[in-house]
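Two forms, one protein chain; structure tokens for each follow separately as structure 1 and structure 2.
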Structure 1
Amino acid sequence: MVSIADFFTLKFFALVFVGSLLGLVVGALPGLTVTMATALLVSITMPWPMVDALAVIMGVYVVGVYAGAISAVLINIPGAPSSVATTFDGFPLARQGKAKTALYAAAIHSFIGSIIGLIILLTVAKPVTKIALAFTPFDYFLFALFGLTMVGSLTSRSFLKGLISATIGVILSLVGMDPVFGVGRFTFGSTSLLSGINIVPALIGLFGFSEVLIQISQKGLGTIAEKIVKERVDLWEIIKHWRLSIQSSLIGTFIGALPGVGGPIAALMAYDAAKRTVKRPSKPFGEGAIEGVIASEAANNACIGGALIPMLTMAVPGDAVTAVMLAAFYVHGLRPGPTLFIQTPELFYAVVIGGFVGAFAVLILAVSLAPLLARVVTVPKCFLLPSVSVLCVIGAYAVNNSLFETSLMLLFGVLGFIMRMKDYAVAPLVLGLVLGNMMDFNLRKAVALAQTSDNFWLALVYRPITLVLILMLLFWLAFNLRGIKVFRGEGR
């Protein structure tokens, strides 16, 4: 029987801290994403025990999401997509000489957000699992579809382009040998493609190498930041906003729990809620309100606990990082889902305790290392880009010790670059790639089962959970179409 005490070992703590340090570096550096670092870690930790791999990954995840605020505050470039809303007030604060205040506010409220999100994960994950056990193959198909449609609408400015991106992702996931009949689909006679497209090189290419190409394509490879301002920080001014922090954390956890939505939307929605609920902000929002930084950072870190709920209970990733974590489970021959708590409860506890340790690492690292590490952003980008591209090649090679995966990484890197240039979001494609096979398998299974019944359509949809999921799908499609209009309006 596994107990929580089994994780209070020096080795486990050390592994989370190693991951936290890596998370701090990749989060703070524009161009290096938490998703990319996690993807690299999946390949590196492949021979490790799963608990050790999860400890490092959780360190990277929790600290990496916080660290995105460092460059967002200092240079107005979000280190991660979930830090976009942090730039709205973080950068004006830095320009007013309050960069350290903004960084500490981000750290303290990222800590609060992480803890609240993880507590909700700890208390809600098991009941959700009971519901998940009642899911039929068609329910899983609908749930995956639900996640895809939301990503398509919320992570891209264009709903249509987001849907196209997701559809292409699902199609790419079908490349390889069909699991039922053993025939090659979209392999074009290539034996290397028979085993399908490995998600890790695809992710490294789409997020890492495409970012290198984006940076190269837009001239001006000078230094990222000029200097870091020194100042005294009034901690009470930061801590007194705990109510806003809890409000934003609850929003973040809820948004994170919706499959495929993720930190950027959570942070934006929490920022929007803060604008409406904080009557007298320290400064007007958008001009250096500390409340803006707090709302964004508490929400994006709380999103972690939320995003892990559907991933751990139903194998449906909540965001891009949990999509990579899902790949980590598959790489180790494991499958998250309703049976996770019964067969491998130690993995669930490794994720949760790793998250808690990572949250404390945010505080420790923010106080001791963040202001110093932030100086890395003064390194010219032309020195960083060769390092990132070599890491992409090595990370992709490490998956199967094969140059085919490396070539695949390059191909996806170029694809990601073209997509981003043409305003096609990459995240829906990634989720399509991860969810496609599950959708295919469950749809065929559901249709085959329904055919054995007297009434095909009744057998397929006439169940309470299925009907609820269909209604949710229709509701979210309608809501998203309206939501896009709202976002477009704000953009102007």
Structure 2
Amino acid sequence: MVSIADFFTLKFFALVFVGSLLGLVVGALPGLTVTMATALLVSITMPWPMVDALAVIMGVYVVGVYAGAISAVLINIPGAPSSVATTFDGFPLARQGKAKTALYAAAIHSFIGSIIGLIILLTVAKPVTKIALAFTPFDYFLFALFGLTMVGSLTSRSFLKGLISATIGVILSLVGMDPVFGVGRFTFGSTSLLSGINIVPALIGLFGFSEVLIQISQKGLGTIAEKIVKERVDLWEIIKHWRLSIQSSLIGTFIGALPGVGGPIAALMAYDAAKRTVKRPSKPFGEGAIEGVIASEAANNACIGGALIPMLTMAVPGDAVTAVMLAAFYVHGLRPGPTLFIQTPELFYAVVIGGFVGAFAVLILAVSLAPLLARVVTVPKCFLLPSVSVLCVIGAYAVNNSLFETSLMLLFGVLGFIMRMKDYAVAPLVLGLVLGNMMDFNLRKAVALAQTSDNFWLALVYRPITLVLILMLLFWLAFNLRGIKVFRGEGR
């Protein structure tokens, strides 16, 4: 009989830590993803015992998700899509000479988010899975539509401009092969566009390359922040936001348990909730509020525990990384699901304990490396901007080893530069890009299924979860009317 104590060995801890170092590298470098690293590990660790393979994979997974915050804070390029919301306040903090504070906040609350997500995985996996798997395609459509109501929160000044930005994102998300009819949409004869617009080069262009263009246009060759060397980090100012961290972690865990939704939406929704619930932020959101970094990082790391719930209990992956982990189980001749806890409980323990050790590795690596990493913002721009540009090109190319992705990144960089110069926020565009395809596919699937029933509308909406989501959506739309009033005021 396997017990938890059997995993407290030097070998198991060392394997998780090796995975953590790898996760730090792939997470911090734009273009290299945790999914890519996990896929490589599955092939490398194939001859290994499954417990050892899971130890390394969990180290990569937990630390890799956190590490996306490093480049998001220091150079305004999210290392992973789930770190998009971290750039909103993380980079402004770095420009104010508080890069170390932002990095410590990201690490501490990534740790809290990871722990909460894993505790929920350990205690209430089965009930959460039942709720998550009860979602129909129309529920997913409503959920994505609910996500679009965040436009008001992601737009600092003009609601109309945020709405236009989100609409552009939704339209761009429709580029590619139609999932229902199998024909190309908005591809203009390009075979490269048939697979759609990859989110990673789009993020690198919108946040990273556009920032380079803006800095060049301002003709300033100093440093991003001069005060970093003398910065003193007040840990209590970071830890005292534990209630916000718990709130964001719960949001992240629940969204993570919804198959196919993932960390970017969890982080954006937690950021939106923080903006609505924190009455007196340290600074306005979008201008360096530490609460924005905390909400985003707690949610995206808590998403790990949530994504593992349906994968381990029902063999349904919650995100791309757990899909690769699922493949690893099958490669080793194992099958996750209800029998996992009876036939191979040691694998469940390996995942959970590996996650806990990975969470502590986040703290250790952050404390040891954050002061060194934070000095990046003291490098003069004449050296930093060319380096960031090269990093953007390499990161985009690494996605598919394709010059097409690099060209896409450059196009999104120019688009982001123009939008930011004209005071259009790029975050709503990313939101539309992430949610648009999900809305399109699930709405059409839901309508097709409802058309086969006797009563179309009853089949579409007459379910408890659907009715709750509709009520939530109506409530938030009414709440956002304030933004529409601002728009009317601007029009006068």
Partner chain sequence: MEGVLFLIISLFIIYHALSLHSFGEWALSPGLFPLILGVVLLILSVFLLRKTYGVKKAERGSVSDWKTTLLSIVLCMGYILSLPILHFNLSTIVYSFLFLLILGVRNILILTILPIGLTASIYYTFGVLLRVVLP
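Here the rigid core means the biggest group of C-alpha atoms that line up within 1.5 Å when the two forms are laid on top of each other. Treat the numbers as computed from the prediction; the structure is a model and nothing was measured. Each residue is numbered by where it sits in the sequence of structure 1, with counting from 1.
Structure 1, not structure 2, represents the form predicted together with the partner chain. Core-superposed comparison between the two structures: the Cα of T187 travels 2 Å or more. In this overlay on the rigid core, D423 has a C-alpha that sits 2 Å or more away from its partner position between the two structures. Relative to the superposed core, T277 undergoes a Cα shift smaller than 2 Å between the two structures.
Relative displacement of the A448 Cα between the two structures on rigid core alignment is 21.5 Å.
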